[in-house]
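Take a look at this one chain, the form predicted alone, written out in structure tokens.
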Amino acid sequence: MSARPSERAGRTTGSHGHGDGSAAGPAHAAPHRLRHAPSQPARAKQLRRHNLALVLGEVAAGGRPTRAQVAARTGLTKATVSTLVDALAAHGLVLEGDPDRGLVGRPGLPLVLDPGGPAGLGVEVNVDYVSACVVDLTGTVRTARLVPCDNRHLERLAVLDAAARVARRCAAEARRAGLTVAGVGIALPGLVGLDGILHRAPNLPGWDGLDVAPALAPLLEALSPVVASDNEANLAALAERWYGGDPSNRDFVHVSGEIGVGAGIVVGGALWRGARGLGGELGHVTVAPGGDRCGCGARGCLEQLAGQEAILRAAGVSVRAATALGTPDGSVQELLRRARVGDQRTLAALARAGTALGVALAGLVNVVDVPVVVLGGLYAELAPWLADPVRAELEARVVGFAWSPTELRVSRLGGHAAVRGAAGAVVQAILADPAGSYPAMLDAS
């Protein structure tokens, strides 16, 4: 007879390492090279590893379950669950809270994620700022910093050094709050392959082909290793999945527009990256054949109609490509001011951009069949003027709209989504496979 799903061994993933040199942190050794005593065969360790993730997943799902409730939901025995909970608690992953009020009899103690346990550090390098934040196991941002700097005119080593400084500052603040940084995630403005290499960074001269993680790691000192390095749009989409406020939102496209236009596609709760990791380049979908030449070499790309620079130019606003975070008093704020007072040229430019964006999104929805589109980044700020034309194009062009309308939402995470997603990638890796980060759990009796 085959084992129950709760008893099957889980998939082996990479190790995430520890963040502050503490022996209590995650181990550097890859978990597929487990040390096991003769009395504990590999299958037993694989089974324990799977069950640790299973129990932690039940706690992470929320609802403050008790040990007995976790046992009932997973099919594990109460004794097994208690042993696993003790191991998770010993490594700072779960806590037992006070009993919920109003319950009859002797209530069990509810289990919650430990907000004082391991945390993820996110670092973002953008064209006009570097930023960092620390996110704890519950998804709460514990500290965040942003430093404006025009990275297009700086040597890349200077930019990496600035990013490392802001990261170390955030990590020090986290340690003072009792947290342990378990790893680092990096968000980057360009094409990042599955190999982690920044293959193309059109707005960061000299960065093409750079493997950012090993270049940044020595500057981070004791904060290495780097767990994730990805395109900013991908990480923003993951942040929307994890922290956007709707856990049921498992299938959607998150589109953001700052200097470029990027999309992150989430299917079944997981990011769809494409075969080479370069999926989601919505900004280079053709929406006007024969239109203006794009920086990629093609004509009529979405960026040439709905990118920040195109909107500013059409609105008659001074064109200085910059993010709203890095340059808070720049052209974007002037664009917003003109839109709020009803400037007709600005409103026409936004309507034109919304139409082009809706055409591109409708094509993507027809191919990928996601039920939700989320406007993020600059598009979230411009949503009061973009939403109607985007929605009109979705309704007119999505083939299944009549019986299954595509929902249009606005992200609440704003321009900080990418760095939060980078930090969250560290946290989610721990929650998905706690023994991969803390192999000592597998040695417990």
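Model, not experiment: these values are computed from the prediction. Residue numbers here begin at 1 and follow the sequence given.
Keep in mind that the form predicted together with another copy of the chain is missing from the display, and what follows is about it.
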Handout entry: Touches another copy of the chain in the predicted bound form: W272 (any heavy atom, 4.5 Å)
Key = yes
Handout entry: Touches another copy of the chain in the predicted bound form: G178 (any heavy atom, 4.5 Å)
Key = no
Exercise for the section: Flag V399 as yes or no: does it have a non-hydrogen atom within 4.5 angstroms of any non-hydrogen atom of another copy of the chain in the predicted bound form? Expected result: yes
Practice task
Indicate whether another copy of the chain has at least one heavy atom within 4.5 Å of a heavy atom of G75 in the predicted bound form.
Solution key: no
Exercise for the section: Name the residue from V285, A89, A215, A144 that puts a heavy atom within 4.5 Å of another copy of the chain in the predicted bound form. Expected result: V285
Problem - Proximity to another copy of the chain in the predicted bound form, single hit among A162, L336, A298, A351 (heavy atom within 4.5 Å) - result: A298
Exercise for the section: May I ask whether R200, V359 and L364 all come within 4.5 angstroms of another copy of the chain in the predicted bound form, judged by heavy atoms? Expected result: yes
Fill in the blank from the handout: Partner contact check in the predicted bound form: of 343 to 351, 309 to 317, 263 to 271, 124 to 132, the stretch with a heavy atom within 4.5 Å of another copy of the chain is 263 to 271
